[in-house]
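The chain below stands alone, shown as structure tokens; this is the form predicted alone.
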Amino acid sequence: MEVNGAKIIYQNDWFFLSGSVVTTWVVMAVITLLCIFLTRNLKVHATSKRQVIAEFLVKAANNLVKGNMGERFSYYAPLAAAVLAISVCSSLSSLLGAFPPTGDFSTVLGWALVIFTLITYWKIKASGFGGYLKSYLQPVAVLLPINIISEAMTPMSMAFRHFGNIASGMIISMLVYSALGALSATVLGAIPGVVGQVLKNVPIFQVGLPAILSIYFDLFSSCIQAFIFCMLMMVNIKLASEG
């Protein structure tokens, strides 16, 4: 049985455990252990490659947040780094044969809802609760239903953007891989005699092209989508804080 494409590993009358949940916890554990490893025994001045890498990652996260949100939101650097790290690592888990959590819509929707909560918090903080409710009636009260739908679509659009690109890459790679397997069986199976019967089971055309597609979908696209998701988070929070 599958849920959102992820296989059910365990299920009873009360809950079920899917592959995407297991992979998510594994990814979080790996990131946590990596952070502990990079930040052990830090010195005032970097004396090890491990500390140099840790300082580089921290500075990169700080510069990313400050460049897009301003000095005021510099404390959001850990959140931005966490979003980037878990998104990239979750997508790249497919290279190890695991079901990528970003290919499960419920996973990225959960992330988007957390970010949407932050966006709403900043809107209320900037305009007050009354001002926030009043914004649904602007520019005219008749637009209330549309404004509500527009607000609700914020987390949905973020989730669908990330999920759609990762899931489409998985589907395209799977279709190409299957098509090349069928092509191998058809072409090699056309060889007369026993040779054709043996060679048609050798998926020779599956060598090469799937690897090239994997480089794009699993590496390049995964990093780009994680970066876009993080950028949307930062931009939306900054805009919300301006009222």
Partner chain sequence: MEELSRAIVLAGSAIGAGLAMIAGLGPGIGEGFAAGKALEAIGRQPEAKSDITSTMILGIALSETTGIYSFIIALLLVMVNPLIGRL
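Just so you know, these numbers come straight off a predicted model, no measurement behind them. Numbering follows the first chain given and starts at 1.
Same protein, other form: the form predicted together with the partner chain, not shown, and the subject of what follows.
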Task: 4.5 Å heavy atom contact, Trp111 and the partner chain in the predicted complex - done: no
Open item on the list: Since only the chain is shown here, I'm wondering whether Phe99 would be in contact with the partner chain in the predicted complex (any heavy atom pair within 4.5 Å).
Closed with: no
TODO: Evaluate Ala167 for contact with the partner chain in the predicted complex, applying a 4.5 angstroms cut-off between non-hydrogen atoms, and reply yes or no.
DONE: yes
TODO: Please check if Gln138 has a heavy atom lying within 4.5 Å of any heavy atom of the partner chain in the predicted complex.
DONE: no
- [ ] Quick one: find which of 74-82, 153-161, 140-148, 112-120 has residues within 4.5 Å of the partner chain in the predicted complex by heavy atom distance.
- [x] 153-161
Task: the partner chain in the predicted complex reached by all of Met28, Cys35 and Ser106, non-hydrogen atom within 4.5 Å - done: no
- [ ] Could you run down 110-128 and flag each residue that has a heavy atom within 4.5 Å of the partner chain in the predicted complex?
- [x] none
